[in-house]
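Here you'll find one protein chain in two forms, each presented separately as structure tokens under the names structure 1 and structure 2.
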Structure 1
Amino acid sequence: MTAGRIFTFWFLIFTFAAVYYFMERAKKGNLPGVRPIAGLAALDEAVGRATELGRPVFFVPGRAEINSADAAQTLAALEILSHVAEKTAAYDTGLITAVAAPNTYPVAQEVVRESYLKVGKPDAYDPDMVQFYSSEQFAFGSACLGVMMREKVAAAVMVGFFQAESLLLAEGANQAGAISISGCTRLYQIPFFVVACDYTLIGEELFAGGAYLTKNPIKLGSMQGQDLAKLVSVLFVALGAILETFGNHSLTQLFKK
């Protein structure tokens, strides 16, 4: 095994096992309660508002390609897109999905189409609900600004991987008078979302979207497994700091293996 990755390997296996165990448990009906997550709860409110006003919902699933190391955020964003698209389908509300990563484009189209099928409104689905703007960071940003203002979007959901364009999108939404819900795990960008948006999914709250919104038992189980992994992380942090304080380096050595 590659030196320096042995402990990492076992930690990964442990996390896999924890998630798997709780998913199996959930299949048998042992479902956890989940604490409220404001940003996710606000999604329905946002779509509702757009419906009332008769104006579209604007959705951006981040800018990461699905074959990049940031793919997980895009995939989490697409889970949320699937929920939002089901709602817009059910209420006949307009939906504009703006895509920046070319290879996310066909995937996002698939996700939206499926949502419309699922609610029984295949005829209401329009492929133009998913539009590719640009893979150039700020060309994408300027296109989003323009579209949000021209179409007077009533809700803007921006979740996934973002870079400096985050504030551009958030302020654009604000100026369009839209209710704004954002989410990302990138540390440099969360602050801009937190300051400029109505609701922000911070870090892992983004990944909770799929389970929280669908109430899918397997995903809820997965969440419980994730919590166990976090609990173990907390214990490791505490134990490691205590051991180091007393001059014992064993845990530090273990983590370097």
Structure 2
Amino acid sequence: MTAGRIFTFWFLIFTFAAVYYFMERAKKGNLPGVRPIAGLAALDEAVGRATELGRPVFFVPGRAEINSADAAQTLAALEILSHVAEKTAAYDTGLITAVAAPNTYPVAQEVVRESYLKVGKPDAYDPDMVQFYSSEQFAFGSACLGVMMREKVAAAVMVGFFQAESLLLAEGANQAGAISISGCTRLYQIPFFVVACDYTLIGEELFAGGAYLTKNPIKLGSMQGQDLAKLVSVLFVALGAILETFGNHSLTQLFKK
């Protein structure tokens, strides 16, 4: 085995074991508690507000391709889209989904269609609920602004991978008078969302969306196992820092194996 990878290998095995254990535990009914996440809890409020006003919900699942390095954010956004589409179907509320990546477009269409089918309203589904605008960054942003203003959207949900268009979209939602919920993992964009949106999912809160909204035992168990692995990592770092401070290099040597 390559030097410097032994400890990493065994820690990976520990992570897999923890995830498997908590998944099995959750499937037996021992669901872990999940702290309230304001941005996710506000989704129902946002759809309800749009229903009361008779105006549509605007959803943007980021700009990343479904097979790119940032696909995890897109997949997390599509899980949240599924929940929002179920609510708009149940309340007969308008939904506009803006897509920037060509290969995300058919997936988003299928997610929305399945959501309407799940609620028992397949006839209410319209393929135009999912629209492809442009793969060009600012052309996409401009198209979103135009739709938000023309349709006078009551709620704007912008979660996934974003770049410089983040503030453009957030300010557009504000100008349209919409309640805005955003989320991404890029440190460069999170500050723009925080100052310009009503609610923001920061970092891994985005990835917790599917488990938080669906209460799926497997997803909740997986999240709990990953959290345990992160906690152990933090403890290792803290213990290593203390030992190094007092001249003990044993833990550092262990990491190098």
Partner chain sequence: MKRELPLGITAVVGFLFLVQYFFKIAILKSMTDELTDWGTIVSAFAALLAAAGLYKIHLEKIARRKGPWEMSIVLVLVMTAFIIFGVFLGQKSAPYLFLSNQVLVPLSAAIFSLLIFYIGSAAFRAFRLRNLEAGLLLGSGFLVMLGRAPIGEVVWKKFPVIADWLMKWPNLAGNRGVLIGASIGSIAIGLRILVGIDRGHLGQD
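This is a predicted model, so every value here is computed, not measured. In this text, rigid core is short for the largest set of C-alphas that superpose within 1.5 Å between two forms. Please note that residue numbering is based on structure 1, beginning with 1 at the start of its sequence.
Annotation: structure 1 represents the form predicted together with its partner chain, while structure 2 represents the other form. The hinge between the rigid parts that move between structures 1 and 2 is at 216; the other choices in 133, 87, 216, 94 are more than 12 positions from any hinge. When the larger part is held fixed by a C-alpha superposition, the smaller rigid part turns by 15° between structures 1 and 2. With the core fitted, the CA of residue 15 sits 3.1 Å away from its counterpart between structures 1 and 2.
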